[in-house]
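Heads up, the chain below is alone and in the form predicted on its own; it's given as structure tokens.
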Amino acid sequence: MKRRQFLISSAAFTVALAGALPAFAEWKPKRPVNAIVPYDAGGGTDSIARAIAASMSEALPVPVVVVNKPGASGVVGATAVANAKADGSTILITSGGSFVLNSVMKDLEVDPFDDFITIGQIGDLTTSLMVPVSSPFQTIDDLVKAAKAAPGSLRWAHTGRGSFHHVAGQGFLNSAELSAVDVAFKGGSATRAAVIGGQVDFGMIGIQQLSGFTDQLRPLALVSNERDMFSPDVPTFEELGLNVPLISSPIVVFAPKDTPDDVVAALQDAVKTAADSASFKELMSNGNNAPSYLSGADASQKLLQMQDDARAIVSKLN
């Protein structure tokens, strides 16, 4: 099935469920649900996955158990879920943004739209542009003026070529018609350290990386359509008049594509109930992560738009 056809049918199915089904569908799991996280334990996606799994365990009659299955930038875990029995016993909790970007940049064995049903979005790791506090750039306008005055003279950091921070940063440069030298680092902590240490002029890293470092970093803008609840003083690029594509890392729950309708409905209900719970919001707050729930249909639409935006950016990467 083609991606757009799949998305349309998925969205229509979700809308139909919303009007036809009670608060919880009739399917009740009889054994623990394995939530595969395709990354190592301890990262941003893993911490959000563990928060939603704990709250889903309160909403379902069985526990939801997080199983880390890292490898190939998330593809190993995603492939395992795509090939798992489609009975609700195995779900995928992953960075939807990274999954979509991987599908744009590589020929993967699995596809986020063709091989899965989107259950819902539970969080969103958002990119921000940050400079060291010692930087002469007080605003995005200061940075843009400097970059235009000396094209190619500025250096900027990100978490790896092809990462959503890299693509988001290139989206900013394209929108402002700037050229700058990108420098890849391994992970958010290393990228943050490079910005703080002045190895680069600015960095594109998660807004969550600001926690505990407000005296060393100055965030100038956020790649989002709304401000972050933990950093409300940081404006979005849109507010600053720049049309930067919304490349982010929505944390999304997926199920294998052939999962029965009643199981999908029950999983969607459980995710929504968990995302609305006080326990989930508290766990998210403890990690400086803002809850960001979207239904399966809305999350699919968001990912499809991100895919289109990413293709336009990736096609211009060196």
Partner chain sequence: MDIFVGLATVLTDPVILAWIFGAAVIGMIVGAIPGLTASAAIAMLVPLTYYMDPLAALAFLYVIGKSGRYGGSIAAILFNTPGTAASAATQIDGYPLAKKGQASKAMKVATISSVIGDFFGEFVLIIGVAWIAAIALHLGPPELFSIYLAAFVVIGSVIGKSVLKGLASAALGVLIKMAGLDPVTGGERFTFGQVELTDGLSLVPLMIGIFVLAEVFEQLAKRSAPPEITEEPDDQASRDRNRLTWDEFRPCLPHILRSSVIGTVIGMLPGLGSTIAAFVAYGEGKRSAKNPEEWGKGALEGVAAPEAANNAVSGPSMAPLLTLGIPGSTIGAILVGVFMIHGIKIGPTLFVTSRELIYSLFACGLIGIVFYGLVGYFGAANVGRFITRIPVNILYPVIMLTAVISAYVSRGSLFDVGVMILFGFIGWGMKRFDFNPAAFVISFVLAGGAEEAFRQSLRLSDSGILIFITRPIALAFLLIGIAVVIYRVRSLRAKPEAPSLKDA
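None of these values were measured; they are calculated from a predicted model. Positions refer to the first chain, counted from 1.
Just so it is clear, the following notes concern the form predicted in complex with its partner chain, a form of the same protein that is not shown.
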Please pick out the stretch from 132 to 140, 231 to 239, 74 to 82, 112 to 120 that is in contact with its partner chain in the model of the complex, where contact means heavy atoms within 4.5 Å. 74 to 82
Among Gln268, Ser57, Ser277, Ser47, which has at least one heavy atom within 4.5 Å of its partner chain in the model of the complex? Ser47
Only one of Ala146, Val183, Ala86, Leu178 has a non-hydrogen atom within 4.5 angstroms of its partner chain in the model of the complex; which is it? Val183
According to a 4.5 angstroms non-hydrogen atom cut-off, is Lys281 in contact with its partner chain in the model of the complex? no
At the 4.5 Å heavy atom threshold, is Val244 in contact with its partner chain in the model of the complex? no
Should Arg192 be classed as touching its partner chain in the model of the complex when contacts are defined as heavy atoms within 4.5 Å? yes
Find out whether any non-hydrogen atom of Asn174 is located within 4.5 angstroms of its partner chain in the model of the complex, and reply yes or no. no
Residue by residue through 136 to 163, which ones have a non-hydrogen atom no more than 4.5 angstroms from its partner chain in the model of the complex? Arg155, Arg161
